[in-house]
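In the form predicted alone, a lone chain appears below as C-alpha cells.
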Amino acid sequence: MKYEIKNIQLADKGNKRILWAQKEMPVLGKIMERFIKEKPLKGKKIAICLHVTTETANLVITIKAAGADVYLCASNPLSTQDDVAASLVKNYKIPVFAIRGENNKTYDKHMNIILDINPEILMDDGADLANMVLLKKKDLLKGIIGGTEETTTGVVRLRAMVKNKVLAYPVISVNDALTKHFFDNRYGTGQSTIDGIIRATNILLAGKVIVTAGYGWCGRGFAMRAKGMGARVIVTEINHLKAIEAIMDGFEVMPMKDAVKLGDIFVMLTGNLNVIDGKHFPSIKNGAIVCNAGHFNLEINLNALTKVSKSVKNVRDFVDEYTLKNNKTIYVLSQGRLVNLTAAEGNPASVMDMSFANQALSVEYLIKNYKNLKNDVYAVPEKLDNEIAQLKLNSMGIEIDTLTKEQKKYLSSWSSGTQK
C-alpha cells in the first residue's frame, strides 16, 4: 500500500486520539453499524480531500466500512495531524497522503496521487479536487458520478462552476445542511477559533477589542464566544441584513478602515480575499494580532503586509511578528491559515459528528440517485438532515413531542381557522 506521511511510528498515539474522538461521534457510529452490514458503497473508488484530523479519521473509517476503496489527502497544508495520518495507514490500512507543513508543490502532488485512482466520487473541503479535475484532469470526468462539499468556500467555487456551465457532475453541499452549519459553523468554529488564538498567544481575551470580519454562521458563532469571554466585539460586513443582525445581537458594526484603529485582535471569517488589506495595515493599532478562520489563507493580504514591513520574524510557535516601516508591529498567527486547525485541533468531535454523518449519508445518496441528478449543486435532502438530527437527539437521551392526527390535519388544511 502506497502512502506519504511524516512518521509511521506516531500511529499508536494517533489511534488513541481517533478512539477518543469516536466516543463523541455516536451518530456517525450508528451509521457505521448499518454500513458494515449493508456495504452500500461496495467497490466504489472515493478520493477524499479533507482536513486530516481525528474526526475526519472516523469519517474515512466509516466510508471504508461501507465497502469503498478510499484514498485520503489533506485539504490544508497546515491542518494535518501527523499521528492521525500514521494511525490511518497502520491501524486501518487506509492510504494517506498528507504531511503537516507540506509545501504547495507537495500539496498538489498529493491531490494528484489520490486522483490517479480514477475515483467515482470526490469528497472535498474547499473544492480543490473539483478544481484540479476541471483544470488539469478532465479525462477523469467520464468516471466521476458525483461529489460532496464540506465548506462554504468550496460551495461558492462550485456554484461559480455551475454558473459558468463547467461543473460536470452533481455535488451535494454538505455545508448547507441545517445539522451542519447550525452546529459545526456556529458552535464548532466559534469555540475552536477561540481555542486556536489562546493556544498560539496565551493572551487574555477579556477586555480586548476583537474585530470579527464577516457575520455568517462562522462569524456569528465566533462573535458570540468572544463576547462570552469578556471581549468587546466589533463586526465588519458587506451584507446589509447581516450587519443589522449583528447590531441587533449587541455588537458594534463599522467598516474595516475604522475598525483597524480600535482592534486588538482581528479574525477573518468571510471566505473572501484581502479582507484586511494593504490600505489597512499602516493604520492598524500597534501590537495588533491578526488571524484567519476562513478556509484559504487569502483573507489576510500577506504580500501587501510584507511590502509595508521592514522586518519579519517568528517570535513564538504559530506567531510571526511583522514590524512595519512606521515602526508599528503586527502579529500574524499560523501564517494566515486556519488558526483553529493549525494552532488548535479544529472543531470538537461532537459537532463534526453531525457534519460527517451528512457526508456519509450524502455519498450513499449519490450512489443511489446520481443517474437522476443534473450537474448542479444540491442541498442535503431534508429527510437525511432530519434523520441526523433525530439520531443526535437519541444519542443525547432527549425525546420530543410528535403531532397528533388532529394536529396534522389542522396543519394541512386551509379551511381551519377562527371560524367554528
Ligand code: ADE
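Start at 1 and count along the sequence shown; that's the residue number. Everything numeric here is computed off the predicted structure, so don't read it as measured data.
This next part talks about the form predicted in complex with the ligand, which is not shown.
In the model of the complex, at least one heavy atom of T56 sits within 4.5 Å of the ligand. Interface membership of D195, defined by any non-hydrogen atom within 4.5 Å of the ligand in the model of the complex, is ruled out. Although the partner is absent here, G346 is a contact residue: one of its heavy atoms lies within 4.5 angstroms of the ligand in the model of the complex.
For A74, no non-hydrogen atom is located within 4.5 Å of the ligand in the model of the complex, even though that partner is not displayed. Relative to the ligand in the model of the complex, residues A357, L361 and Y378 are all farther than 4.5 Å at every heavy atom. Note on contacts: among V70, M352, I31, A66, the single residue with a heavy atom within 4.5 Å of the ligand in the model of the complex is M352. This chain lacks the partner; the member of L341, V290, A130, L88 within 4.5 angstroms of the ligand in the model of the complex by a non-hydrogen atom is L341.
The stretch that touches the ligand in the model of the complex, counting heavy atoms within 4.5 Å, is 45 to 53, out of 367 to 375, 380 to 388, 45 to 53, 31 to 39.
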